[in-house]
Ligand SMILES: Cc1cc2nc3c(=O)[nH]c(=O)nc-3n(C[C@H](O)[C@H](O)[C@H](O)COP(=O)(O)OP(=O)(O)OC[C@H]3O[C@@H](n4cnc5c(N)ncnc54)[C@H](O)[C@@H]3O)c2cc1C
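Okay, so here's just one chain, in structure tokens, the form predicted alone.
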Amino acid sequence: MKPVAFDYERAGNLEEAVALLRRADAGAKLVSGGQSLGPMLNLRLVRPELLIDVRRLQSLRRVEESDDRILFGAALTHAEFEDGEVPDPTGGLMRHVAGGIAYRAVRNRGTIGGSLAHADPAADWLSALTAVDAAVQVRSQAGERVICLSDFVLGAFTTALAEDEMIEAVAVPRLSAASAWGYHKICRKAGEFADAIGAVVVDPERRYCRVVMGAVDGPPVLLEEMAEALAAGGAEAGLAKLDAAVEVALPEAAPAARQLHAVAVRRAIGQVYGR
């Protein structure tokens, strides 16, 4: 199949992009890498009246460093993170995750902001950036606002973005030198969508510990009680809570699916503690 007919505009700057979004009145889609949008257009799962091209906007490709975080423009590609062309405030987690997204051809064009806006539950950035408590900076003609990633995704392919808003940047906190992370996903083969994701970040210097279970039917799940046990008692204490936490989080899932998610989280914890 091919897309339905649509108009095309290349925005000259961010202000023009949000103005076009506003004027289109929910009939527009932004395109940068197009690695998710392209197939959806061809299958006619989306039928926009207007495509707004924002790939060349330099304001969406900026990197701004501060003492406690780095702000990444939404149009930075997965490959730029994978290749170390931008700094990594997470001690290697972002570079590791970027290198495992789909295939290199996809990573060359796909963008971090596009992935988050698409909100596919199986997407790597969604789980990994939830684990580090990242936030998205969004823009409309009314101004800017910042949304924690754990509040940004409302459901599968559903976000807190208003129709006239776009992701401008992603703010990622700096992990301390004492931090450790684990990230494990289970796929049928390399490059395919994940069946289960486990992401764990432990930063004792910041008194921070988060355990995330991704590739579920909706937003990534925060296993908060398990994270508390992990922070207080280490790997054994955390793992003792694992099976019960997964069962509570996925009450309607098949036993085999729950087992996959438990394995993904267990292996992520193993990476943190060298198990």
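Since this is a predicted model, take the numbers as computed values, not measurements. Numbering starts at 1 and runs along the sequence shown.
Here the subject shifts to the form predicted in complex with the ligand, a form of this protein not shown in this document.
Novice: Is the ligand in the predicted complex near all of 96, 199 and 266, within 4.5 Å of a heavy atom of each?
Specialist: Zero of three within 4.5 Å in the predicted complex.
Novice: Find the only residue in 29, 69, 241, 61 having a heavy atom within 4.5 Å of the ligand in the predicted complex.
Specialist: In short, 29.
Novice: Specify the contacting stretch among 166 to 174, 143 to 151, 87 to 95, 199 to 207, defined as having any heavy atom within 4.5 Å of the ligand in the predicted complex.
Specialist: Only one stretch passes the 4.5 Å heavy-atom test: 166 to 174.
Novice: Residue-level question: is residue 115 within 4.5 Å of the ligand in the predicted complex, judged on heavy atoms?
Specialist: Yes, residue 115 is a contact residue.
Novice: Residue 74: heavy atom within 4.5 Å of the ligand in the predicted complex?
Specialist: Residue-level check for residue 74: yes, a contact with the ligand.
Novice: Mark residue 106 yes when one of its heavy atoms lies within 4.5 Å of a heavy atom of the ligand in the predicted complex, and no otherwise.
Specialist: Yes, residue 106 lies within 4.5 Å of the ligand in the predicted complex.
Novice: Please tell me whether any heavy atom belonging to residue 192 falls inside 4.5 Å of a heavy atom of the ligand, as the geometry stands in the predicted complex.
Specialist: Residue-level check for residue 192: yes, a contact with the ligand.
Novice: Determine the residues of 77 to 112 with a heavy atom within 4.5 Å of the ligand in the predicted complex and present them in sequence order; the list may be empty.
Specialist: Heavy-atom contacts within 4.5 Å come from 78, 100, 101, 102, 103, 106, 109, 110, 111.
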